[in-house]
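This text opens with one protein chain seen in two forms, each one given by itself as structure tokens under the names structure 1 and structure 2.
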Structure 1
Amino acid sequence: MVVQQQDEQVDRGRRVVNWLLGSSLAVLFVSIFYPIVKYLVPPKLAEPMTFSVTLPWKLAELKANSGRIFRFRSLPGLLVKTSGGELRAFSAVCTHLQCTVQYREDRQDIWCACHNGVYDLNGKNISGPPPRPLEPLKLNVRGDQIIVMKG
């Protein structure tokens, strides 16, 4: 009888030790992996909400029925001059999987080569996989200068 009781006590003691060992190991691993995982996620860079750029081309340089890519913040933008002479600006980032779109002079539309997505000149997605229209940008023409802003 006495012996069994002792055994039970030893068993309980062992379970407690095992539990303590196990949970402290778990805590140790979490405290090692947590900073590693956090380290791997790159820090967010603050970006201003509004932004404007002056394009490197003069208004007079642009032909009708043409499109040009420009640098808008860290992303490409697209400036289109329609055959009617109207100016339009969009983000050139395809809404499908973010390839850079281009203006097609022969079809007068905006085309993404990656998966053959097509947008019309209002930026509306008209065929292929893009799910949304291109993001429009605001245009401001001052004299001969073209200024593009986030809407």
Structure 2
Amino acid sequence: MVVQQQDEQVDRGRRVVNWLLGSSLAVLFVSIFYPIVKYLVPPKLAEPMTFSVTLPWKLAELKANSGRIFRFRSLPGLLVKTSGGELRAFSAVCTHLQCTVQYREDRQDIWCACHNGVYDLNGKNISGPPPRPLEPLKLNVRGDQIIVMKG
């Protein structure tokens, strides 16, 4: 009878030690992997509610055959003034792998430097890996102000 009580006490002690070791390992794994997962999966940023942006440049400041990057909501936008003086705006995010595109004055096209994707001045992809055209943005010119809206 005494031997059986001693065995039960030893088993109870082993269970307590096993529970403490298991809990410690679980806390260790959580403390290691939680920051890694938080880093790899960034939180979603809230999109601004505005759908239009007034650009900081005046219409007269823009040279013909030039392009400028601006911030449209949380993404970059591209404003192009063609050699004929026409304004065009696009999302400056390449449709291939989300790189920022830029206007090339010498070739008069829109270029993604990441994988050599090329778009024409209508935003249509003409060479390289981009699968879709650039997203066009609407423009509204009021006096000397340029306002860009989501189309």
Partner chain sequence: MTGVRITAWLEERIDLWPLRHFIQKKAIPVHRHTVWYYFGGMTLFLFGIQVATGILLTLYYRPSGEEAYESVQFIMTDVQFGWLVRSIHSWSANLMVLTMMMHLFSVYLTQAYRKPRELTWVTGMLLFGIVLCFGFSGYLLPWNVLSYFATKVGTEIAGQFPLVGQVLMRLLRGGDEVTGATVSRFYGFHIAILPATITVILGLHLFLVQKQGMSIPPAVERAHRGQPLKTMPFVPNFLLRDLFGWFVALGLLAALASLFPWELGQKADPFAPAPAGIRPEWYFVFMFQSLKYIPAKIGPFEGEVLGVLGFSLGGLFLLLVPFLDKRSASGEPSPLFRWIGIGIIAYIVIFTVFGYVAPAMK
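Because the structure is a prediction, the values reported are computed rather than measured. Each residue is numbered by where it sits in the sequence of structure 1, with counting from 1. In this text, rigid core is short for the largest set of C-alphas that superpose within 1.5 Å between two forms.
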Where's the form predicted alone, in 1 or in 2? 2
CA of P35, rigid core aligned, shift of 2 Å or more between structure 1 and structure 2: yes
Can a Cα shift of no less than 2 Å be assigned to R12 between structure 1 and structure 2, given superposition on the rigid core? yes
Would A26 count as moving between structure 1 and structure 2, using a Cα shift of 2 angstroms or more after superposing the core as the test? yes
